[in-house]
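Just the one chain here, the form predicted alone, laid out as C-alpha cells.
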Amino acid sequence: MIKKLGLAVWLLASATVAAHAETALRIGLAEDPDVLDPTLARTYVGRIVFASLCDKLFDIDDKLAIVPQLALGHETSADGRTVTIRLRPGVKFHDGEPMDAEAVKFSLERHLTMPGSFRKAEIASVDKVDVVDPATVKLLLKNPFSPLIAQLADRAGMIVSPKAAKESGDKFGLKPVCAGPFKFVERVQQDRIVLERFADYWNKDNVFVDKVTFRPITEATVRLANLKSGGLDLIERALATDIKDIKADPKLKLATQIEMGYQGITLNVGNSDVGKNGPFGKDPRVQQALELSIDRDALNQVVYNGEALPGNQWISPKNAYYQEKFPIPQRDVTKAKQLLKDAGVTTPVVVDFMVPNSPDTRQLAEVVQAMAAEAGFDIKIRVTEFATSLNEAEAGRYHAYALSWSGRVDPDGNIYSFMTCTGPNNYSKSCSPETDAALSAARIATSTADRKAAYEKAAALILPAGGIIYLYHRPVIIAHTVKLGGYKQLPDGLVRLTGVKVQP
C-alpha cells in the first residue's frame, strides 16, 4: 500500500512538473540587431525583437488600422494642435516601476532630446508633453501632424522605464527595461538574445511562451535548415525561392504578406566628397539612366520568384497614396545610353555598389550589375555586413547602396526621414527646399485628398533626382513549425508572440 501511495505521489509530482515545464521558442533572425534602445535603434530586425520586449502606445491590426496597446485611446482637438492620450491603468515595467503618464512624458522627451535619437524627426511636431493625471498625457503640437498616432505605433511610441534609463544613461540598450510581454535576460553579440516571460505583463493571460531566444543567422539556407532539423521554431525572411519547398514540408507552415516598405537602391548624390564627386552627384540624368537600365519585372522573377510587387515609389501601387501620375518606368537601354551621353559622362560609369550580406540582396546586385552593363555602367559589387553598411552609408563612403525599408503604416514614415534635407535616414544627402515643403505640407494636411496632392508635388521632385531608385515591395516570408499555434503575420513583418502557443 505504501509503495502504491508513493508511486501515486511520484506520478502526481511528475504531472505537476510537466504542466509547468518551460515553453521555449527559438527564432532565427536574418541579422544581428543594432542597439536595443528604442530611441537609438534603426534596424528592421531590431523591431522584431522589440515586438516582444517593448510595448508601444499604439499598434496596428491585420487591416492596418491603428489600435490601442499601452494607451486606451486618444482625442485630437479641432485645430489639430492638442492630442490627449488615455493610458491603460495598472501597467508595470519589467523592473516593477509603474508605466504611467510621467513615464510616457519621460520617454517622449527622451526621444526628442537624447543625442543620436532616431525618433526626434518622427515626433518633432511635439512641442510639449503635459501630465494631466497618472493615466492621461496631453501632447501640445507646434502644428497639426497627421502621422503622429502612426508614429506612436512604432518605436517612437515605445515607453521605457525612467528609473532604468536614468541609471544606465546611454548604456540603456545593453539591458533594456520596457513594458512588453517578455523581459530582457542576456545578449551575446552575433549569437543570441534571450528574453523571458514577464509575469506582471498587463496582458499576461494571452502569453503562453516562457522563454524566447533570437539567433542571428545571416544565411537564409542555414536558417531554413535549422528550422527543418528542429533547431529553430520560426525563421524570418525565408527566401521566395524556398516557398515551394516550405509548402511541401508537412512539418512546416508558411505565413506571408506584401510588406509596407520597399526594396530600393540609394544613390549618393551629395554625402561627402565621394557623393559630390561621384557618378550621381553631378547630373540627375545619370540616376535616370541607371533606373532605365533596370527591368523590375525580370528582377522580381529572378530574385523573388515572382512573389514581390514591382513598384517605383515609397509606397506600393496598392496604397491609397500611390501616385498614378508617375507609373513604373519600363526598361529602355537606348534612352539610358542617350541620357549618359547628354550628361557628358565617360562610359563605362564606374559605380561602387554597397550590398548588405544576404542572399537575395546579393542576387539583386548581380542582376542589376548585368542589366546596367548594357547601358554603360560598370557596377562594382561590395558585399558588407549590414551594421557596417549603415555606418558606411552615414559617412558617405559609397556610390550606390542596396537598402530596404520595412515600412510604416502611414506614408510619411516611408519618406520624410529619407528625403528631407536633415532627415536622419537621408544617406544620399539629396536636399531640396521644395521637397521639404511638399513633405511638410503632407504632414499638416488632414484629408487624404490634400495629403495626396502634397505627395504628388514631392514625387515630381524625388523620383527623377531624389537619390533613391524604388524597385519593388517584397513579400514578408515567415516559416515556422506546425507546433506553433495561433501565429498571425501582419504586413509590417514583425513577429508578434502574444497569443502564440507551442504545442507538444
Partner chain sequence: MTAFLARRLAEIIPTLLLVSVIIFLLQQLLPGDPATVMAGEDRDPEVIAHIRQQYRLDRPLPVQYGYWIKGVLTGDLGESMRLKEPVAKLVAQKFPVTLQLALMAIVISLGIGISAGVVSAVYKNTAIDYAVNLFGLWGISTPNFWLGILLITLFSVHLGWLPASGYVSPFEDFWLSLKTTIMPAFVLGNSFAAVLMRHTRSAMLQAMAADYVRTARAKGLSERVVVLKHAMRNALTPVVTLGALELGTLLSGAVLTEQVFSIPGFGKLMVDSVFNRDYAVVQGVTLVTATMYILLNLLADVAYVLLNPRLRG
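Since we're looking at a predicted model, the values are computed, not measured. Positions refer to the first chain, counted from 1. Just so we're on the same page, rigid core means the largest C-alpha set that superposes within 1.5 Å between forms.
The form predicted in complex with its partner chain is left out here; the points below concern that form.
Problem - in the predicted complex, the residue from Leu252, Val222, Ala164, Ile294 that sits within 4.5 Å of its partner chain by heavy atoms - result: Residue within 4.5 Å of the partner: Val222.
Handout entry: Option touching its partner chain, based on a heavy atom within 4.5 Å in the predicted complex, out of Phe145, Tyr304, Phe118, Phe377
Key = Of Phe145, Tyr304, Phe118, Phe377, the residue with a heavy atom within 4.5 Å of its partner chain in the predicted complex is Phe118.
Handout entry: Heavy atom distance at most 4.5 Å to its partner chain in the predicted complex, all of Asp34, Val188 and Ser229
Key = Result yes, every residue of the spot touches its partner chain.
Exercise for the section: With its partner chain left out here, work out from 382-390, 322-330, 286-294, 309-317 which stretch has heavy atoms within 4.5 Å of it in the predicted complex. Expected result: Stretch 382-390 is the one.
Practice task
Report whether the minimum heavy atom distance between Thr213 and its partner chain in the predicted complex is within 4.5 Å.
Solution key: Looking in the predicted complex, residue contacts with its partner chain do not include Thr213, since no heavy atom lies within 4.5 Å.
Exercise for the section: May I ask you to check whether Arg110 falls inside a 4.5 Å heavy atom distance of its partner chain in the predicted complex? Expected result: Flag for Arg110 set to no.
Exercise for the section: Answer with yes or no whether Thr218 is in contact with its partner chain in the predicted complex, where contact means some heavy atom within 4.5 Å. Expected result: Although its partner chain is absent here, Thr218 would touch it in the predicted complex, with heavy atoms inside 4.5 Å.
Exercise for the section: Mark Arg408 yes when one of its heavy atoms lies within 4.5 Å of a heavy atom of its partner chain in the predicted complex, and no otherwise. Expected result: Within the cut-off, so yes.
Handout entry: Large Cα shift (2 Å or above) at Lys429 between this form and the one not shown, core-fitted
Key = Indeed, Lys429 is displaced by 2 Å or more.
Handout entry: Core superposition between this form and the one not shown, C-alpha change of Pro356 at least 2 Å
Key = For Pro356, whose C-alpha is compared between this form and the one not shown after core superposition, the shift is 2 Å or more.
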